[in-house]
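One chain comes next, on its own, written out as structure tokens in the form predicted alone.
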């Protein structure tokens, strides 16, 4: 066995410089291009944050008006794309559809120059804008309904809910959906973002990079945690059952989903915001069951962790599934929503990677045998 030191999974290894995102895990802070996530959610919508991620600064009124008009005009899907979604097998996961459809979208770019590996992806925005339309169309077709064309008068989050249900959402629901997309838009060098940058470093297309990132997000260790949180909530059933469930789960050495984060040593700032949204929606619906179950799980879990001196707190997935469910979104769409929000961050990283590109080519520590002798096949 070699004595060479290495970091399995590249944990702690700095692979590149980036100005896009800062995750301050010790203090529970998150910044996009230097702006705190709390400030962005309070004062901006998803379209503004997309501009910020792609251009590095918040737009002025003129810049935003032009960018917003371009984003909203790009929402609709061409007939071949809609047909592809409609014909996608029902038994397959929608994340597989998203990964496929992003590559397919590249064939419908308006300007041929965009097919270049060096295309200016800011000009098409297909990967950011149309993913929400794809997700909504998938759900409509899967449930036997027709395609609803996007509205140019609604925010990105409100328009998604409109395309999903056929009815314009209320002001509260539309704002919360838009803010949820902001919260998921970017989060540093996670597995899917790193995947996008690795593909971009080969000077492949931005479509290929984002398709690969979606594949990484589909993995059970990356996306999908909020689905498992809601399965936990359903299993618990009532707030009074939560403490017993948590104690049994921990005694059996099983995980409590939505608790803990690889980076945060304090409560995830996105979880704080999501918890507030869950409370607002629970109040509007007159039903606090999800909220109360999750708060009881959090309390019981924290009691156990404090006994061990472990600083483990809820992450964004702990509350987001319940928020989506109260917005009327089926569980199978939770991870696709993550992808359609994160596309802005992925594209920002693809563009940043190209500014001073160097192809990723790490080494592996070889631990196999050497100088083995080939035995002829008839003697094996």
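Residue numbers count along the first chain shown, from 1. Everything numeric here is computed off the predicted structure, so don't read it as measured data.
As for the form predicted together with a small molecule, it is not shown, yet the points below apply to it.
K.L.:
Which residue, 75, 267, 302, 261, is the contact with the small molecule in the predicted complex, using a 4.5 Å heavy atom cutoff?
P.N.:
Spelling it out, the residue with a heavy atom inside the cut-off is 261.
K.L.:
Using a 4.5 Å cut on heavy atoms, which of 255, 152, 149, 284 is close to the small molecule in the predicted complex?
P.N.:
Result of the distance check: 255.
K.L.:
Check, residue by residue, if 106, 203 and 206 all come within 4.5 Å of the small molecule in the predicted complex, counting heavy atoms only.
P.N.:
No, because 106, 203 and 206 lack any heavy atom that approaches the small molecule to within 4.5 Å in the predicted complex.
K.L.:
Does residue 312 reach the small molecule in the predicted complex if we count a contact as any heavy atom within 4.5 Å?
P.N.:
Close contact exists here: in the predicted complex, residue 312 approaches the small molecule to within 4.5 Å, heavy atoms only.
K.L.:
Evaluate residue 225 for contact with the small molecule in the predicted complex, applying a 4.5 angstroms cut-off between non-hydrogen atoms, and reply yes or no.
P.N.:
Contact with the small molecule, yes.
K.L.:
Contact between residue 317 and the small molecule in the predicted complex at 4.5 Å, heavy atoms?
P.N.:
Yes - in the predicted complex, heavy atoms of residue 317 and the small molecule come within 4.5 Å of each other.
K.L.:
Using 4.5 Å between non-hydrogen atoms, is residue 250 touching the small molecule in the predicted complex?
P.N.:
Contact with the small molecule, yes.
K.L.:
Counting any heavy atom within 4.5 Å as contact, can you tell me which stretch out of 93 to 101, 78 to 86, 174 to 182, 304 to 312 lines the small molecule in the predicted complex?
P.N.:
In the other structure, the partner sits against 304 to 312.
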